[in-house]
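We begin with a single chain expressed as structure tokens, specifically the form predicted on its own.
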């Protein structure tokens, strides 16, 4: 299936982080040895499994079961979604079954191109059952564009269950064009499991973004480290909620850093629940404006104020 220019741009943004729209085939976007499923406007248009990774569509067509064999090493799964039809609304359930001692990278995300007058909506529910000793990196990017009045709405839910000794690193990014988003992440950690999360978020115009984290440290010596960085511009609104609950000897840390600009609003609502004396839980939160001295310094080097602000923002979100 040949993709439209807009659909190709979405996949380039989600998979490679670029916006090269000259590519025309899916094979140019992923390595030939990768497992992948490409979904466009509610339908899977291309799918490939490997010897160790089996992608199976759910019977109702609204999602996938991805089976990763034990001891799989250095393989990648791509499951991007593109919506290019105004008014399209869908809920997709993807379940990942990761075998013991597997090491994989999973690249997901959704882009919406909406040039019409009706909202387009993608609700994606991703559930990860990570076997003992497995190590996964999950990269999720959300992206919206198009000049129509209809909204570009993305609501991701991520549920992670880490069994003993499992490791998960989540990279969650949304920095372009999404009008409204509710982002929910839930994680349960067993003994010696480790979770790290890096969230990057930018809003502008009158966009609304809510991020919610519920991390449960249930196993002895489990650890969680959550870092969120965000930029709120114009009249946009952001809300960050995080709860870390420890019911075993464990360590948890969350940090929320936001830069607020123009007439935007940012709310940070952290919570720590220690139900055992051996729990070590820390939260840090900071909301502030762009540093004027940094802007002035960059302007003395020949940048305009807008260029200086853009340079600082890009560095902050890395």
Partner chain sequence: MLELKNISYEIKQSKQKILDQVSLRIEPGTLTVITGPNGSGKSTLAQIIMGIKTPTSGQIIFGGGDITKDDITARAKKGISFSFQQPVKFQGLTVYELLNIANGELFSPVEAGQVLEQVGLNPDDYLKREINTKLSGGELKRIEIASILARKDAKLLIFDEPEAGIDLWSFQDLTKLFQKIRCEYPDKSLVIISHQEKILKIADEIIILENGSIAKKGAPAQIISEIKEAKP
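None of these values were measured; they are calculated from a predicted model. Residue numbers count along the first chain shown, from 1.
Another form, the form predicted together with its partner chain, is not on view; read the next lines as being about it.
Undergrad: Within 4.5 Å, heavy atoms only: does residue 293 come near its partner chain in the model of the complex?
TA: Although its partner chain is absent here, residue 293 would touch it in the model of the complex, with heavy atoms inside 4.5 Å.
Undergrad: Is it the case that residue 311, even though its partner is missing from this view, gets within 4.5 Å of its partner chain in the model of the complex, heavy atoms only?
TA: Although its partner chain is absent here, residue 311 would touch it in the model of the complex, with heavy atoms inside 4.5 Å.
Undergrad: Does residue 229 reach its partner chain in the model of the complex, with heavy atoms at most 4.5 Å apart?
TA: Looking in the model of the complex, residue contacts with its partner chain include residue 229, since a heavy atom lies within 4.5 Å.
Undergrad: Would you please decide whether residue 318 lies within 4.5 angstroms of its partner chain in the model of the complex, comparing each non-hydrogen atom pair?
TA: Residue 318 belongs to the contact set for its partner chain.
Undergrad: Can you name the residues of 78-114 that have a non-hydrogen atom within 4.5 angstroms of its partner chain in the model of the complex?
TA: Nothing in this stretch is in contact.
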